[in-house]
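Given next are two forms of a protein chain, the same chain in both, each as structure tokens and marked structure 1 or structure 2.
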Structure 1
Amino acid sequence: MHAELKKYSDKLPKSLLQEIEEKCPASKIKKVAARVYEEYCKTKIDAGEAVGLVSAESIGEPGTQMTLNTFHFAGVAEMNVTMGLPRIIEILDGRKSIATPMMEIFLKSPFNKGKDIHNIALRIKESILGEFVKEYVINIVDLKIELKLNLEKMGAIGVKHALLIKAIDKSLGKEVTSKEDGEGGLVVKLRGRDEKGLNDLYKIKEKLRSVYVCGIKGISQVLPVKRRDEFIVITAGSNMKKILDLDFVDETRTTSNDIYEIRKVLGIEATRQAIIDEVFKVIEAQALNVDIRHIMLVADTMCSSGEIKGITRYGVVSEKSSVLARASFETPIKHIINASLVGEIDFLNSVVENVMLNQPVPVGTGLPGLLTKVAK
């Protein structure tokens, strides 16, 4: 590090010091560092600043202008993405099951230049038996089902008859036996045919439709798209753990919009970043202007315990030390009764409880307590 920058090593963040060293000529480093330090001190928050309230109103006010829309990918009927206010609520409530889970899968070279992009997309997509069957012929006399297969589609994905038979045996092996019919199709017969009738045959036919064959479970649709100068695959459905195991996937950039899945696979710090990115993505799409620091504060609050806590009465609010602050959010009588039963004391250290009691709020000029001698 440059000698002039060492003076600021305990005063400025490392990222700023690195940027100064990279972008400034050596002759100007002293002057630039001094100016950056001056600006950095100006941008620091004063002690007693009500950062939580400022963030709440900075996100809440533009939030009222958001539309309640769902974004739709052209050309694929099933691929919708929840956007706008419903998506913000979904993230900040910390919901475990989201309306439209999706992934953005980045690829390694040469596949990100478009090589075999459609084959790769088909390899990722979860394929079920129903997709490869053109026609089901039910033989009532012999209690068997003949499957007329779409050989063209099987060839595109590289699925052989043996794989289909293996998939049927794995899923329904106790109920049926399956084999090739010699004409490019399959025959599925019921086991123990004496006790079984037509009703069972129709039930088996419906089960056959949804037998898992290949691909990544949970990925119901795939869409290769070109973004700037590379191809990526957008998916409906998410299975991060399995996707990151694929050899052609760039695991350093591939993301999911399911924050609980990110918590499970990548940990809480990645989850915090995902919350920031997802909220900012929605705000940006709505052409609203919210400083990212407000979103960062919310993400920190949600993830500070090491687990995801939603901004709800069961999450962040339930952990507040103040009885009145908890009661001000939802279900006030329950909180007050529970606090009375255990003799809980409220020390009135925060904003909400002092507002409720019409007392000076401990922020800004209300933070320091002054003792003065009164002249007689």
Structure 2
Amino acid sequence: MHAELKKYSDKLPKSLLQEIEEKCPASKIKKVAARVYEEYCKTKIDAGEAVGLVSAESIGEPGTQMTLNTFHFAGVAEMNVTMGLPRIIEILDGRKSIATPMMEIFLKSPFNKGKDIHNIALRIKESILGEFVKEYVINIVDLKIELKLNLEKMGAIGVKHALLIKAIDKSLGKEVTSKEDGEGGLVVKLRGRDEKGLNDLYKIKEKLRSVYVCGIKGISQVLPVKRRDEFIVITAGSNMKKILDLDFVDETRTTSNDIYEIRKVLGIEATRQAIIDEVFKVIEAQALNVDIRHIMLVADTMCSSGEIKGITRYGVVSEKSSVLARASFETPIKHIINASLVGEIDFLNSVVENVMLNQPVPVGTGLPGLLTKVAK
């Protein structure tokens, strides 16, 4: 870096320094940097500016336009994703379970070149026994179920008969025994068949259908997609921990849209970034224009306690120290009664409570006190 620019290294943001360096002839750097610094100081937010209020307005106004076109089927073929206002509400409320959890799985080279991409995708997907069975034949005489299997599909994912038997054993082992029938299928028999009847057999048949066989639990749909020059897998359902453990998955880029899962696996800072990305994605998709700094502020607020706090009365609002401020948001009577029961004191340090009491509020010019003592 240029020597003159180094002087500003802790005064100007990195992006500006880079821009000066790239676009400026070396001889003029000193002058330009001084001028940029001057402009930069002018555009900084003043102390006491009500940034939260500005952010609320700036996100809220485009939000009113968004309500008109809410339930959008966005994104990739056949997979529907919550977009628009419902998605924004979902993120900012800090909901634990979201409507359409989704993952974007990046693959390591050479798996991302597109060869066998369908099989890789299918290996990720949670498979149940029903998918591999072509036909259920119920044998009333011997009280057993014969399963005709889809061998092609089993071969593609690499599922062997032994695995199916093990899977059945694991979830229904108390009720049935199963073995190969020698013709590529399976035979399932009831245990203790003397006291069991046809009804039990039918019940077991239904249960068999949903026996978990292999794949990652929670991933209900997979879709290989080409993005730029590589193939990625988009999934419906999310299970970040398990997916990152797979050896063909690129663990540095794979993400989920479930912010709680990101919090658990990657930590609070990654969550903040994910909130920003997700909200911005929605706003961008609707071709609205909200400055990313507003979203950053919201994300910072939500993540400042180390855990995700939604913008609700249970989340960030419950963190406020002032009773009156909490009461002014939602359920006032509850807050006032609880506060009076424990003898809470309100120091009137913030905005809302002072508005309620008709006093000057500590924002903007209301913030500083007098520096000089006025002589009497």
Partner chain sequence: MAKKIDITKHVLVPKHTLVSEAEKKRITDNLKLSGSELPRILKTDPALAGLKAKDGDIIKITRISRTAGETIFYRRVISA
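As the structure is a prediction and not an experimental result, all values here were calculated from the model. Start at 1 and count along the sequence of structure 1; that gives the residue numbers used here. Rigid core: the largest C-alpha set superposing within 1.5 Å between the two forms.
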**Asked** Which structure would you label as the form predicted together with the partner chain, 1 or 2?
**Response** 2
**Request:** Comparing the forms between structure 1 and structure 2, identify which of Ile45, Lys174, Ser210, Ala162 marks the hinge between the two rigid parts.
**Result:** Ile45
**Item:** Size of the rotation between structure 1 and structure 2 [smaller rigid part against larger, C-alpha superposition, degrees]
**Value:** 20
**Angstrom shift of the Cα atom of Leu357 between structure 1 and structure 2 (superposition on rigid core)** = 2.9
**Per-residue Cα shift, Ala26, between structure 1 and structure 2 [Å; core superposed]** = 4.8
